[in-house]
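In the form predicted on its own, a lone chain appears below as structure tokens.
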């Protein structure tokens, strides 16, 4: 529980620095993202989960909150080619955005928290004089469960 409160406090500070408040609706959105951080929720899915506890929130408020959080770099917006934007909370202890493994068979998404591209970033810097500040990487393939079913 302490981890969740620390994350919420960090986000509240980021909002405050941008001249914004952590309203009850924003707190509910952030808290729900934190409790479901492995799920890569769409705005609609997030809204459905929030409404179970916080009935005084509208879908438009969730969209506006996600857009604010995205603009401040608190959440990442991801598209896994299913036609929906999905949101991933960027935790305060993360350097780079983490990578994803997307199964072409069942659609399962797995997170890879190790930064696999440090050598590539260094090469880009040396070769092109370009300093990478972040990157996005989605590996497409077949997950272990689907491979096991094939055998």
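All figures in this text were calculated on a predicted structure; none of them were measured in a lab. Positions refer to the first chain, counted from 1.
Omitted from view is the form predicted together with a further copy of the same chain, to which the following refers.
The closest non-hydrogen atom of residue 4 lies beyond 4.5 Å of a further copy of the same chain in the predicted complex. Proximity of residue 35 to a further copy of the same chain in the predicted complex falls outside the 4.5 Å heavy atom cutoff. Shown alone here, residue 140 lies within 4.5 Å of a further copy of the same chain in the predicted complex, counting heavy atoms only. a further copy of the same chain in the predicted complex is approached by residue 129, whose closest heavy atom lies within 4.5 angstroms of it. In plain terms, the part of the chain that comes close to a further copy of the same chain in the predicted complex, with a heavy atom within 4.5 Å, is 106 to 114 out of 43 to 51, 23 to 31, 106 to 114, 57 to 65.
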